[in-house]
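For reference, the chain that follows is the form predicted on its own, supplied as structure tokens.
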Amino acid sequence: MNYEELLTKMALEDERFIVMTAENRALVRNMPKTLGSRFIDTGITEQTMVGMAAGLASRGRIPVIHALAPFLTMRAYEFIRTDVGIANLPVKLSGFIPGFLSDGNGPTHQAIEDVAIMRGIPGMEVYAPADEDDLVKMLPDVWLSPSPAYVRINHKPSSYTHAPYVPGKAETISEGKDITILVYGFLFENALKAKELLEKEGLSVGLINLRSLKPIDEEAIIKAVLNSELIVTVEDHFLTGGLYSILAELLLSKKLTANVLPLSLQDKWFKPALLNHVLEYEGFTPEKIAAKIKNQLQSTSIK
């Protein structure tokens, strides 16, 4: 089942669902003929869409709204914060092509600060599925939650079969004594391959697919910090406000510290190109992730 099939099924079973888009139909192309008046395309008007969705949610509906991630999270930010966030309404925001998935688009179309600004809204939940399988496993819980939620949509297919989704819990792929990699979203697959490369060199490598960034699975992260020599955060997001910041906030609140290697975008937008070229240039291929981790281990004389 893909994203559109899942949303169609849930909307046909529950008349509270309203599907909306700001002229971004890539995920919901076949739904107008199925849902009729419960499908609304507002045109390229993200603010209007969010305002309408808040009104519908205040009347008991569950609006699932779609737009390109940068325009949904930034152009409509005040409307999300004020209309949805302050009222704590169950509007579900589907951000398309977040992070590196916007590949050839320039900085205007890159959402690499979206996690930071969305998690800053009180009550807003933030999700980042690893691939399509992960996406469809978590969305029923996300959509039926009474809270507002932002989802970094990732519908890329993968050969990996994820564990069933448990709300608020990360997916621990493996535990490692030398290294634990914390990752979310699209870079999961490359982190998984990097783990395999490091294991071939005799290292004990853990991997945690966080799935939910807010709420965050504190228990899984603390366990990894206490049992691994090195923690690595991998994300297609600015360093500021993303997973590295979340980890720092959590450790400080627990009066803990750790040896941490952050792999993220360092205060600059990425160079647009075909996706494989972006990953190569920015250093996020499995080989480059593994090499950076090895270098960090050697520089800290852990292994």
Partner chain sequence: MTEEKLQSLQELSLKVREHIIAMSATGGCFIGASLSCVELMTYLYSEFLDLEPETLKDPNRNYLFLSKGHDVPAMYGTLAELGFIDKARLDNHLLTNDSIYWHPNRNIPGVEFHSGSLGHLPAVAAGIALDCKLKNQDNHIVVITGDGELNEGSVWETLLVANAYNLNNLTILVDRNQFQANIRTEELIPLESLDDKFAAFGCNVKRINGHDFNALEEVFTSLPYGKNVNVVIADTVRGKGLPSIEARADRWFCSFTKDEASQLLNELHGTAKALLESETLIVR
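Residue numbers count along the first chain shown, from 1. Predicted, not measured: the structure shown is a model, and the values here were computed from it.
Heads up, the form predicted together with the partner chain isn't pictured, but that's what we're talking about next.
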One residue of K193, K169, H155, R75 in contact with the partner chain, assessed in the predicted complex (non-hydrogen atom, 4.5 angstroms): R75
So if I measure heavy atom distances to the partner chain in the predicted complex, which of the stretches 233 to 241, 44 to 52, 58 to 66, 250 to 258 falls within 4.5 Å? 44 to 52
Even though the partner isn't displayed, in the predicted complex is R16 close enough to the partner chain, meaning a heavy atom within 4.5 Å? no
Spell out, yes or no, whether the shortest heavy atom distance between K294 and the partner chain in the predicted complex is within 4.5 Å. no
State yes or no: in the predicted complex, is some non-hydrogen atom of T108 no more than 4.5 angstroms from a non-hydrogen atom of the partner chain? yes
Is there a heavy atom of R25 lying 4.5 Å or less from a heavy atom of the partner chain in the predicted complex? yes
Out of 74 to 103, which residues reach within 4.5 Å of the partner chain in the predicted complex, heavy atoms considered? R75, S102, D103
